[in-house]
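Consider the single chain below, provided in structure tokens and representing the form predicted on its own.
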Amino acid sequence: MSEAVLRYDQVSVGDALPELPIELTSSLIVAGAVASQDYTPVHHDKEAAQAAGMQDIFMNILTTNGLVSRFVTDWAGVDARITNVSIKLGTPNLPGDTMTLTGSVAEKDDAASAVTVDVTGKNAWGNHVTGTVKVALAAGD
């Protein structure tokens, strides 16, 4: 099986990335918190989250950061290298919802064979995450 490789010369400003819907489950939220060693109770204990004013556990920023990076690298291919991620959280990601990630190429950096992708992740409440990801791509022919 060959792995896809997106080359820098194949990308234009304005290109849209394929949407990525992610089902938000309690398992995903808890696993992301544990994997990132974030043991804050609101990310794994429903009662603690409710005591903090939320209806249920909610996703931590490190899990969101990982999902945003995955979204971009799934599009960019196996030779891509993330060089910068800058995100801002909005509405919480709660179990039972879906976050849909969308993005488009905002700029190209010829010197680095890199592109900056604007990313948005929306759930039923609105924007969970907005930001940019800079990714170095395989050089063109």
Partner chain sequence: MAISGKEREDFEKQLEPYVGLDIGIEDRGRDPVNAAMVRHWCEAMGDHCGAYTDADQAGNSVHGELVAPPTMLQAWILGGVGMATGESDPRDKQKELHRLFDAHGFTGVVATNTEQEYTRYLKMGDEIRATTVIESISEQKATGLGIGYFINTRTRFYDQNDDEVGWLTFRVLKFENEAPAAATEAEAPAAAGRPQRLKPALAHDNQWWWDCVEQGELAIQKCSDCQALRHPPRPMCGECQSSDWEFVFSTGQGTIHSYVVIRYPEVPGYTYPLVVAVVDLEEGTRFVGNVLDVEPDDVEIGMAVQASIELVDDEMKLPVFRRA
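Residue numbers count along the first chain shown, from 1. No experiment lies behind these values; they were computed from the predicted model shown.
The next section is about a form of this same protein that is not shown, the form predicted together with its partner chain.
Annotation: in the model of the complex, residues L28, A51 and Q55 each come within 4.5 Å of its partner chain through at least one heavy atom. Screening S113, T91, T116, T102 for any heavy atom within 4.5 Å of its partner chain in the model of the complex leaves a single hit, T91.
Taking the partner from the other structure, its partner chain in the model of the complex has a heavy atom within 4.5 Å of a heavy atom of H44. By the criterion of a heavy atom within 4.5 Å, L62 is counted among the residues contacting its partner chain in the model of the complex. None of the heavy atoms of V13 is located within 4.5 Å of its partner chain in the model of the complex. At the 4.5 Å threshold, heavy atoms of A106 stay clear of its partner chain in the model of the complex, well away from it.
For the stretch 17-46, the set of residues having any non-hydrogen atom within 4.5 angstroms of its partner chain in the model of the complex comprises L28, A31, G32, V34, A35, S36, Q37, D38, Y39, T40, P41, V42, H43, H44, in sequence order.
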